[in-house]
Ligand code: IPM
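Just the one chain here, the form predicted on its own, laid out as structure tokens.
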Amino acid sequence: MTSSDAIEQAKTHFGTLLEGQLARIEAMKSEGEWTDFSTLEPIIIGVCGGDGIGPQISAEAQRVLETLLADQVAAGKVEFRTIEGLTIENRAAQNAAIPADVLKELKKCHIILKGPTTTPRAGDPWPNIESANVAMRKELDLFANVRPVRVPEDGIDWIFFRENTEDLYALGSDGIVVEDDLAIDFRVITAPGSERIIRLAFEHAAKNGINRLTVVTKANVVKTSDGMFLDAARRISGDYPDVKWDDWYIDIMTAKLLDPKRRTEFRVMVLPNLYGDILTDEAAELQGGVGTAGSANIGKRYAMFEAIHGSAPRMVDEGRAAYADPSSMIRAGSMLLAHIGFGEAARKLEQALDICGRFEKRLTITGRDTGAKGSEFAKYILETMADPNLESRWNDYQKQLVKS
């Protein structure tokens, strides 16, 4: 193939991608209102275990949620459904990020609790299929990835609003090798996509009395797409005069989250997809590692809650899956509870997670038989939640943090 032929082929490929993105913009402009969970009966929660350690940690999170929602389940107000088929083996066999029959079942649910899934990479024995996470976010239009990180003893109380359906991930499997020496991937930032995630972040700050919002970009270098994201923030900020906002570049922001003198100043952060992926993993490490952090993927119609770590196939291969830490999935469960209107149950679960995982640490998860099994840790959480003195225990630990 000549260089001219390669360029023409690339132009055709790019044109097809542009048509798809312009159609997506029109769909965003006509999207409906937010789901009102108070009007649903039952609220259907689909539990999708994924693969690797996913089925084990998802089962423990489901056990905790079913205990907290036992009365609602008995009254027919909440229903749990198990959704099979999101394993890497099935996805590879059907050569699909999400097999069509699995996606059909997911769309019958209002809420999804999802375990980690394996994304193939070069050298793996799997076809080069798209990430199931990315595909689910696009198929269900889960545009907001919301990740809280709290380390009270260090004055850290952050919440990240990461745009979920655009940026490099939007067309991550649609790049093109123009010729042997040239490969190009495509980055997508749209005004409607930027506006809805930024507005959600401002809304959260305003409703919770938080007077600090930070927009993270690299608009000094990536002037066109990051510039569009930053311009959207400037426009929307006018609707929230009581929320002070500023913008930081992603490179210095990664440093400032590690700076004890500055990091306590940050509260709400909103940022495009790839920057958000990197920064939230760094932030989770300060909380105790990615195994301690939950994640919400929110759209107007659907929402999906998950751990932020991967499927850890090595743990399965080595027979250690039973020792996987379910904390991240259980934290995702607390976010799920809050999202569908069970705020008090979510608060109790967060308090129990803090007591068990950060304060008392009566059981330690090591990922090996030197520590507790995931099922034992989930039992510890359930026993802690059942304690009528849960609130006072948690308050005592908070007071100890202040003193220290």
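This one's a predicted model, so the numbers in the text were calculated from it and none came from an experiment. Note that residue numbering follows the sequence shown and begins at 1.
This next part talks about the form predicted together with the named molecule, which is not shown.
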Answer range among 180 to 188, 131 to 139, 94 to 102, 228 to 236 for contact with the named molecule, defined in the predicted complex as heavy atoms within 4.5 Å: 131 to 139
Whether T119, D277 and I308 all lie within 4.5 angstroms of the named molecule in the predicted complex by heavy atom: yes
Residue (of Y169, F143, F160, Y302) lying close to the named molecule in the predicted complex, criterion heavy atoms within 4.5 Å: Y169
Partner proximity in the predicted complex: R331 to the named molecule, non-hydrogen atom cutoff 4.5 Å: no
